[in-house]
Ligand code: HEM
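Single chain ahead, written as structure tokens, the form predicted alone.
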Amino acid sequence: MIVNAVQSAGLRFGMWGAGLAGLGRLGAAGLSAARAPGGFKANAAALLGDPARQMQGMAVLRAFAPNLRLNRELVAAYANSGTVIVTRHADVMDVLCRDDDFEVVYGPRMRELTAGENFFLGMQPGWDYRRDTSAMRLAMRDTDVPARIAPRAADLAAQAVADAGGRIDLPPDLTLMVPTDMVTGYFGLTGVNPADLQGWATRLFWYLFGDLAADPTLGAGAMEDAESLRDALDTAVAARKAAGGDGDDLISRCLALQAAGVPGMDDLGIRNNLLGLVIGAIPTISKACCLAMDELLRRPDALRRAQAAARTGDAAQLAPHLWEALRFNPHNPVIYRRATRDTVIAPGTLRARRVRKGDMVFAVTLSAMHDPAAIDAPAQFRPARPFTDHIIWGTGMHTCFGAQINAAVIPAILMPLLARAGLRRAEGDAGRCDTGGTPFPQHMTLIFDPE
């Protein structure tokens, strides 16, 4: 009992110290931004977008306001009555697993993109969700990942790096190219220009999950892209059906399920499920690859260890280095849900927070992955830490549907590049991660020693 009390007090004092340190660093960074050309307003986006600054801010909240409620509506895209920011690991995991109290909100925009029906990412527990996820898991077999998807990704990545001549623009030349090939080949969405497909998926993902301000220009473009993607999928389904569905891609397998009478596998259901999967696959895999590489390049020791693992040719040795990099620089640092009724987060604790029906709850996974109450030595880069310390694919009912694919494809994409000697950023801004005004990396040029 005494030991527990001492440990608890030590943890609390440590959090307060980290919170005060984070506050001081944020203040100094804000002052530097204000003094930089253009002033604070011109530099605020870069300041707030820096994952190191985000972690400092989360350290402040974890220490002094772990479940902070704001009367402001930070999300304009989906109806809500206020905002609650949740930063402690236990509370983030609780929110993401309490589906009856905290719902996904994406349904209205999913219906816009499909021109009618929802996709399972926007569904609450129920028959529709079980029907669609079960049918797609029958089509997307677990054995496909080691037998088809990962080897194809590895071959494409190795060829791209070999052809690059020692200089590669990471997103267009590698991290977008590989998942796009998966969509056209394994999914079966043939006959589409790859650049168009990448553009559609990127903007539609942005519209669904990242358009917090409800930008009308983005919305208009998303509607055009959604129509183009629907037409492409309808064409692919019709063509495969006319050919007798003879093939081993997802569309052909879905048509075989349709012929067997599996619920939800009518033509429209096939198209809508594939539309959601296409949107989720391309930009997510590319962004995770780029951010993992960006983080490793910030850490020379971690990069050296990751390169040593890559040179073994064993993805299982490389992968933990990438997941640890994404713990510091995740592609999805916040997951938001909406309260379906009045409830309480962290009941029975000093940080208990009453949440009102309609509040938008920001479950800050970036903060949860650095909570010293749950994560051992969170500030240290430790590839050997348990994978449960990483919430990079979400958790609970809405864990990323493609998590198994991501876990195999991301190491396969980055291994041949990390295996090269002399890997470094290109000179100047070319070597930095450029999002081009979107939430997704568009350019990031790296240099390595050609063989």
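Numbering starts at 1 and follows the sequence shown. If you're wondering where the values come from, they're calculated on a predicted model, not measured in any experiment.
What comes next is about the form predicted together with the ligand, which is not displayed.
- Only one of Arg240, Arg337, His370, Arg253 lies close to the ligand in the predicted complex, with a heavy atom inside 4.5 Å, and it is Arg337.
- Proximity to the ligand in the predicted complex, defined as a heavy atom within 4.5 Å, holds among Gln258, Gln124, Asn332, Gln317 only for Asn332.
- Using a 4.5 Å cut-off to the ligand in the predicted complex, not one of Leu47, Phe328 and Pro441 places a heavy atom inside that distance.
- Within this chain, Met140 lines the site of the ligand in the predicted complex, having a heavy atom no more than 4.5 Å away.
- In the predicted complex, no heavy atom of Leu68 sits within 4.5 Å of the ligand.
- Contact between Gln54 and the ligand in the predicted complex is not found at the 4.5 Å heavy atom cutoff.
- Proximity of Gly394 to the ligand in the predicted complex falls within the 4.5 Å heavy atom cutoff.
- Picking from 402-410, 36-44, 23-31, 58-66 the stretch near the ligand in the predicted complex, with a 4.5 Å limit on heavy atoms, gives 402-410.
- Of all the residues from 247-282, those having a non-hydrogen atom no more than 4.5 Å from the ligand in the predicted complex are Leu277, Gly280, Ala281.
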